[in-house]
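Only one chain is given next, in C-alpha cells, and it is the form predicted on its own.
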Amino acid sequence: MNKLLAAAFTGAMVLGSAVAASAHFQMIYTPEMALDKGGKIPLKLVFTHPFEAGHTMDMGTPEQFFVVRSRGENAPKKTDLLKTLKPITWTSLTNSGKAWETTYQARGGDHAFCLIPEPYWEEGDGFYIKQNTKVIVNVGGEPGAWHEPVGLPTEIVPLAKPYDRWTGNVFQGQVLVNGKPVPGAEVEIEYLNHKPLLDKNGFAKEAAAEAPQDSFVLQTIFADENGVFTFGIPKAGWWGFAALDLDPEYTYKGKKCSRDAVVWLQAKDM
C-alpha cells in the first residue's frame, strides 16, 4: 500500500469513528431501472433504513429535484422536477414519515434523477445529514451518459452501468466532491430488503433476505486513492451505496452536516 493510499485510509477510519454509521439511506424509488419502452413512471422519495424497513425520517422540502436526460450523441438536457413533487406519508415497519412522490414521462435513453434534500437533523448523533442522491433509469436500451457526472456537490459516478448488472457482476463507482475524487472515501452499502408497495406508500412486511448478524445489514468498504470502489453483487434487487461525510468542514445552521453521496443500482438474475 503506497503512502497516499495509507494516509487516505487512515483519515477515513478516523472520520468513520467520529461520524457513526447510521444506515440512513435516501431513496429515489421506481420499480424498474431498465425499461423496454417509454411511459409514465412513478417516483417515491423516502429517507429510511432499507434493509430492515426500519425508522423512516421526516423529509423536509427538497432543495433541488431534477432529471438529466441523455440519448446517443445529443447533448444532455436538464429538467427541473421540483414543482412536480407532492407530499406523502411513507409507512415503515416501525413508524411513518414525511416523504414525496411524483410521476415522470420517460422516453428513450438515460434519465438521471437527482435529489439535493434539505438537511435532516439526527438528534442521536448531534449533526445534520444531507444525502445527495442519484438514480439512473434507461429506456429501450438506448445509450446515454450514465458514466458522466451530473454536477452534484457530492456525487457517485458509476463506472459500470447501474441498470445492466446481473447477479454476480461487480459494480464500480467513483466518489466525487465538487467534481474531484475523494481518496479513501467510506462507502456504506445496503440492500432494499422489503418491497416498496407503491399503492400503500409503505414497505411489505416480508423480507427478501435474513442477516445472520447485524454487521451484514450495513456493509462498509473504502474507495482507493482515486475515489473508486468495487462491490460484487450477491443478490438480485436494489442496492444502495452511500459515501459518507465527503466535506468534513460543511455546516448547516451552525452545526456539523454530513454531506453524503448516494447512488442506487438494480441487479437481475440471469
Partner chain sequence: MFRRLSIAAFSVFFSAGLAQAHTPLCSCFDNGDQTITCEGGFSDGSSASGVALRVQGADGQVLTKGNMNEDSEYTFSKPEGEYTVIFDAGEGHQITVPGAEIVE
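Numbering follows the first chain given and starts at 1. This structure is a prediction, so every number in the text was calculated from the model and none was measured.
Another form exists, predicted together with the partner chain; not displayed. Remarks below refer to it.
Spell it out for me: taking the partner chain in the model of the complex, does every residue among K37, R69 and N74 have a heavy atom no farther than 4.5 Å from it? Yes, because K37, R69 and N74 each have a heavy atom that approaches the partner chain to within 4.5 Å in the model of the complex.
Tell me, yes or no, whether Q105 is in contact with the partner chain in the model of the complex, where a contact means a heavy atom of each within 4.5 Å. Output for Q105 is yes: heavy atoms within 4.5 Å of the partner chain.
Just to confirm, E142 within 4.5 Å of the partner chain in the model of the complex by heavy atoms? It does: once the partner chain is placed as it appears in the model of the complex, E142 has a heavy atom within 4.5 Å of it.
Heavy atoms within 4.5 Å of the partner chain in the model of the complex: which stretch in 91 to 99, 122 to 130, 194 to 202, 107 to 115 meets that? Answer to the contact question: 107 to 115.
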